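In the block that follows, a single chain appears as structure tokens, in the form predicted alone.
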Amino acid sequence: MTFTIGIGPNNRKSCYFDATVADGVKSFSVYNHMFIPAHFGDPAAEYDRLMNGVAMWDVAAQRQVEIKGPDASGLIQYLTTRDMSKTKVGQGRYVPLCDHAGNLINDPVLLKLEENRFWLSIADSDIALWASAIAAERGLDVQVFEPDVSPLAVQGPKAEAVIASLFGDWVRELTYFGFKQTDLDGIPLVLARSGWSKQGGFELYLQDSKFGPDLWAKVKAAGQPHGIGPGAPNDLERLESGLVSYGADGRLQVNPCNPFEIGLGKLVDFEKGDFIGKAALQKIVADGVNRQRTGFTIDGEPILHFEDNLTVVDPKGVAVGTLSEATYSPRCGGNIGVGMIAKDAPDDLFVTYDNETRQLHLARLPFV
């Protein structure tokens, strides 16, 4: 069965949209109210480029929330569960954000651009609205807005060679989540060693969308000697690598979870002072965490099209968890998935997929 997605004014195109169409994009998803490429027609080739070569991804839908002003540092401290007080300019941090009930509502990467200027590079939820409301209610002297920033990711073991050919060998010295404000032939950028894969790479935060086609073309040309090709954030690689996906692994509206359940408990600092969700999270710890994010292997024929959360049951048919994403992994030699499971769940677990009951087995993350 084939479906299409309508292109209309309710969702925005990225500044790389036309370039991805010219390079053969076959499917889009919607992320942060924007169209984001899902694949280019050959998932196996896209996976191979990510694992063994280099891929370029339009991730402009990974929107930035800029927070700047005299109270910016204070707002950042209050929004996230982590202590940001020692973060230096040029450093990035992975920062869980919770609501007042302790539910995870986003897991952005924070970039500290100046002493009182930050970007939150967000997953799929409206954090600009959330942060601006919190700032207003607390009477903070800050500006909260979405700047004209459009990330382009270059990922894979050959990504460093491509980026060094564009910017120079200084990029090799960037630490993970480290970044530098720079330009490429007059195109203003923030260049960061980051990206949603475990294969290594960089993200080019373009700071003027009119340069989108030019930047795409320059990266594509520089990557030709290394076999670069287009792709998209890769679900198979992220499952194998155990990367958290806010939205897929848990979302406030569907399968809400807290940082301790999803595996981000080490990023909750109760000693740093007050922050949103602190009291709720302290109570969760005191009462005991009842669920945990886990890996699964799934028996049966290869799972090729996984579309929705599936309920995990025990031998009596009692619901004990959720399988949130699954696929076939040639590298693992079978079906793998992630989800939430009750800590007291039995070893015998089952799920119904495509009208067939299949057995699940708990597995450690990451798979590879």
Ligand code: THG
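Numbers for residues come from their place in the sequence shown, where the first is 1. Predicted model, so just to flag it, every value in this text is computed and none were measured.
Unshown form predicted together with (6S)-5,6,7,8-tetrahydrofolate (THG); subsequent notes refer to it.
- At the 4.5 Å threshold, heavy atoms of Trp170 stay clear of (6S)-5,6,7,8-tetrahydrofolate (THG) in the predicted complex, well away from it.
- The closest non-hydrogen atom of Phe260 lies beyond 4.5 Å of (6S)-5,6,7,8-tetrahydrofolate (THG) in the predicted complex.
- At a distance threshold of 4.5 angstroms between non-hydrogen atoms, Thr81 is out of contact with (6S)-5,6,7,8-tetrahydrofolate (THG) in the predicted complex.
- When (6S)-5,6,7,8-tetrahydrofolate (THG) is considered in the predicted complex, Phe179 lies well away from it, no heavy atom lying within 4.5 Å.
- Comment: (6S)-5,6,7,8-tetrahydrofolate (THG) is not present in this chain, but in the predicted complex one of Tyr205, Phe296, Phe118, Trp216 has a heavy atom within 4.5 Å of it, namely Tyr205.
- When (6S)-5,6,7,8-tetrahydrofolate (THG) is considered in the predicted complex, only one residue from Gly277, Pro230, Gly223, Gly195 comes within 4.5 Å through any heavy atom, namely Gly195.
- Stretch-level contact check against (6S)-5,6,7,8-tetrahydrofolate (THG) in the predicted complex with heavy atoms at 4.5 Å: of 197-205, 251-259, 125-133, 277-285, the positive one is 197-205.
- Interface residues of 220-246, taken as those with a heavy atom within 4.5 Å of (6S)-5,6,7,8-tetrahydrofolate (THG) in the predicted complex (partner not displayed): Leu243, Val244, in sequence order.
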